[in-house]
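Form predicted on its own, single chain, as structure tokens, below.
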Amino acid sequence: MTKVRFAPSPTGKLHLGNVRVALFNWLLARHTSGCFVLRIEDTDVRRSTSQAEETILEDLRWLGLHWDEGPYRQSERLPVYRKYAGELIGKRLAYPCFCTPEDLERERKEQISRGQPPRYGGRCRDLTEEAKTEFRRKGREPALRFRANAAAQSQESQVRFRDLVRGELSFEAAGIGDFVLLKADGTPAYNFAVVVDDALMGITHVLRGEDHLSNTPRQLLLYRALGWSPPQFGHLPLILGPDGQPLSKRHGDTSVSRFRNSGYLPEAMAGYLATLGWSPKNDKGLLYLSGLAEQFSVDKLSKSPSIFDQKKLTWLNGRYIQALTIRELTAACLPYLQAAGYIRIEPPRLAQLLSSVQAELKTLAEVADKVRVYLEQPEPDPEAKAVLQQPEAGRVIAAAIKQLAGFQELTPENFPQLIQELRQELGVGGRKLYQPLRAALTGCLHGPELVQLFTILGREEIIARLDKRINIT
């Protein structure tokens, strides 16, 4: 059975790169009727927070990426890591390292100054028992390092594997320094914890960002040292910003929670992210999770980076909004309407309002501004005020009030009759007729069609609004 995992660190918000990794792993699990595991990698005690974890869980639920196992937390598995660290010590593949951060930084700078790649030189690799005892007497708590060279020499000079995205890859084993397994405080380092967890949880496939590619040879050495079969790895190219640079803070807030709070639909977010690095067979229509999972294939993952285009995402979000039923749209828009103070709109009227603006919405957060014109009479903006101050404007508005007295109700069917009568009485049409009416009713020169305004607002409200704007100086 295919078993995949998503393993975020609760040290901040879930960003687009992270969630695309989660999405592709989830799609692989669902396509193969496999298992999607959620694991929280929270061993960075200083930076991890319960609030960040809860936000990650909320984002995944919002997107519909429900997990089958978990959430497991690494902070609850410390005895497990210590057990397997002990095994490596017993195999003479791990040793205590008493180097201070200052020692390591000095060594790193010296290597860089000589043009060498920085890596641990192994000064504690062959310490005598007397030296270890002396360090402990001075109060130094050691980290535990992996004897990478010894592990590599017992195999071959190259660490090779077939990447699901990039094909055959190899790394020089001699270039892998002795990396940390357990920190001085006893918590596991990333490369050690992830190997232990993936092996014991039965993970068969690991899809992750290419920024983890350099970790893979280290992890493969650990799998060999512990006698475990590694999963299949696939490293996804990074998502780039419009400037061609890796997506980062300089491109603005790209957290999932920001898009969620700004009125993007989860279906639009998942559908768009799925196209960043993978090409569905049918990418012309709207893509939903079930359809994406049905056709997902690791073989179709791209080796090239993708550009995140927020304008395209926003446009696509509008298409998903247009596909909602009125019931779905109402449920989705309610939080935004309530936040704007619109909390007492009768359901039939609310459905009418949302139907009139649905085609204009690009995000749900726009809904309050779009329906505001029906719920309150805005003050005229400068353009509208200039129109209303023209001599003919008062004449148009007065004529409209008089003609409306002859209508018991306004409907899309009798609206043309009203306009025709106004044209005949005033001898004007086009902008000279429409602009004063629109400016008086909405306070601007753009917005819903007049037929929508008249029929949704109703006769009494229309007369009241026109009367209020008949004389503007």
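Model, not experiment: these values are computed from the prediction. Note that residue numbering begins at 1 and tracks the sequence as displayed.
This next part talks about the form predicted in complex with ligand GLU, which is not shown.
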Report task. May I ask you to choose, among 166, 212, 372, 132, the residue with a heavy atom within 4.5 Å of ligand GLU in the predicted bound form? Result -> 212
Query raised in the report: Only one of 88, 194, 276, 329 has a non-hydrogen atom within 4.5 angstroms of ligand GLU in the predicted bound form; which is it?
Result: 194
Report task. Choose from 204-212, 267-275, 132-140, 349-357 the stretch whose residues reach within 4.5 Å of ligand GLU in the predicted bound form, heavy atoms counted. Result -> 204-212
**Report entry** Contact test in the predicted bound form: residue 9 vs ligand GLU, heavy atoms, 4.5 Å
**Finding:** yes
Query raised in the report: in the predicted bound form, does residue 41 have a heavy atom within 4.5 Å of ligand GLU?
Result: yes
Requested in this report: Report whether the minimum heavy atom distance between residue 190 and ligand GLU in the predicted bound form is within 4.5 Å.
Outcome: yes
